[in-house]
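The data below hold one chain only, encoded as structure tokens and taken in the form predicted on its own.
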């Protein structure tokens, strides 16, 4: 079932998160921390879009033709003028549909809400945001921009995104590294069910292109805790077969294997200066996001 765009945004949560802007830690296209204007000016850069005039804006970039036609004040905004570019990568593979009995929403719905909140915050601070949805390949791409209408585009694409296919993270990261011409923050929202070495190789490609990368690892509590206590039929996803198993006999081995997988993933992220952010779908999204954003200040 598809989510409605309106339900992806929680106004109360957004109001409380507004004091925690998303700032770049690394240098992005020649300026730092998302608080300075680009060193490039006017005629040497590519026109991107218009935005409404706000008090204090430089009148050199006022579009007089638009003013004459509409009697409204709009500025020409150029590609290098936005302080920060945020690229959201949302995993829409079949495994993201999973929701156990102890979670109130699926991993995909949790990730959608997180992406929606981040997109809102980036646009609210007058920076640029874009979206890529993917499974084994890129499905939808919304080019990064700072126009407020970008949020509506992002919400509609996420709301309509199915979760039906297999995932392949490494090819996606390599593809995205080639597509994104401008350095920025790349935020991946995924359950990351793929080969760890391949994931790290893909992340290395993004870092080679000097993107700052944040890995938001979205997991259901049942995947982390394995709470099953009687014979259970585990439904296969993404082409895997169903398995009938006795969970108590498997719990120790499963938890050890899953713990090893997460440890290798976290170690690989540390080695690449990639932020690893665990996200449990039974935990408050507001608390998770606010804690992470506060840690970046």
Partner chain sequence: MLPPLFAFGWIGLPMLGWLAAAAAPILIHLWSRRRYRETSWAAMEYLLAAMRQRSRRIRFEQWLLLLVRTLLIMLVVLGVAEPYLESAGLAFAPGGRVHRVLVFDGSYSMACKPGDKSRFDRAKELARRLVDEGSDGDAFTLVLMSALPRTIVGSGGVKPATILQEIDSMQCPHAGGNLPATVSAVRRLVAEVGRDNPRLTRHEVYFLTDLHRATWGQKLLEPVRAEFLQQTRELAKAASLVVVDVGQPVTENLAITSVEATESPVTVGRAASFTVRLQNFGPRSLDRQPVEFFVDGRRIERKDVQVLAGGSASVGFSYRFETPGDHAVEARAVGDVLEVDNRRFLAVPVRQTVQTLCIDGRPSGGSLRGAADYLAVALQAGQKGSRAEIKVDVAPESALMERALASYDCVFLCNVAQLTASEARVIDRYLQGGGSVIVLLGDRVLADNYNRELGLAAGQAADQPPRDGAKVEAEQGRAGGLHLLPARIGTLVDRPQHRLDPLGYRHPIVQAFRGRGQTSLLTTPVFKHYRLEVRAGAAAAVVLALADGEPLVVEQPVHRGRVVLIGTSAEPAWTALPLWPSFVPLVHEIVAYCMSGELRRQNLTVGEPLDALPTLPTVAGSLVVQSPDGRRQAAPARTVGECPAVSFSDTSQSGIYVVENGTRPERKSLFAVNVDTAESDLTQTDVQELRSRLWPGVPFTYRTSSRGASLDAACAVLREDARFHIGLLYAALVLLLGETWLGWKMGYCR
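Just so it is clear, the structure is predicted and the values come from calculations on it, not from any experiment. Residue numbers count along the first chain shown, from 1.
Another form exists, predicted together with the partner chain; not displayed. Remarks below refer to it.
- Query: in the model of the complex, which of 129-137, 108-116, 190-198, 207-215 comes within 4.5 Å of the partner chain (heavy atoms)?
  - Reply: The contacting stretch is 190-198.
- Message: Each of 53, 63 and 66 within 4.5 Å of the partner chain in the model of the complex, by any heavy atom, yes or no?
- Response: No, because 53, 63 and 66 lack any heavy atom that approaches the partner chain to within 4.5 Å in the model of the complex.
- Item | 4.5 Å heavy atom contact, residue 235 to the partner chain in the model of the complex | Residue 235 belongs to the contact set for the partner chain.
- So in the model of the complex, does residue 270 come within 4.5 Å of the partner chain, heavy atom to heavy atom? No - in the model of the complex, heavy atoms of residue 270 and the partner chain never come within 4.5 Å of each other.
- Query: Does any heavy atom of residue 180 come within 4.5 Å of a heavy atom of the partner chain in the model of the complex?
  - Reply: No - in the model of the complex, heavy atoms of residue 180 and the partner chain never come within 4.5 Å of each other.
- Message: Quick check on residue 59: any heavy atom within 4.5 Å of the partner chain in the model of the complex?
- Response: Residue 59: no contact with the partner chain in the model of the complex.
- Task: Taking only heavy atoms into account, state which residues of 244-263 are within 4.5 Å of the partner chain in the model of the complex, ordered by sequence.
- Result: Read in sequence order, the residues that approach the partner chain (within 4.5 Å, in the model of the complex) are 244, 245, 246, 248, 249, 250, 251, 252, 253, 254, 257, 258, 261.
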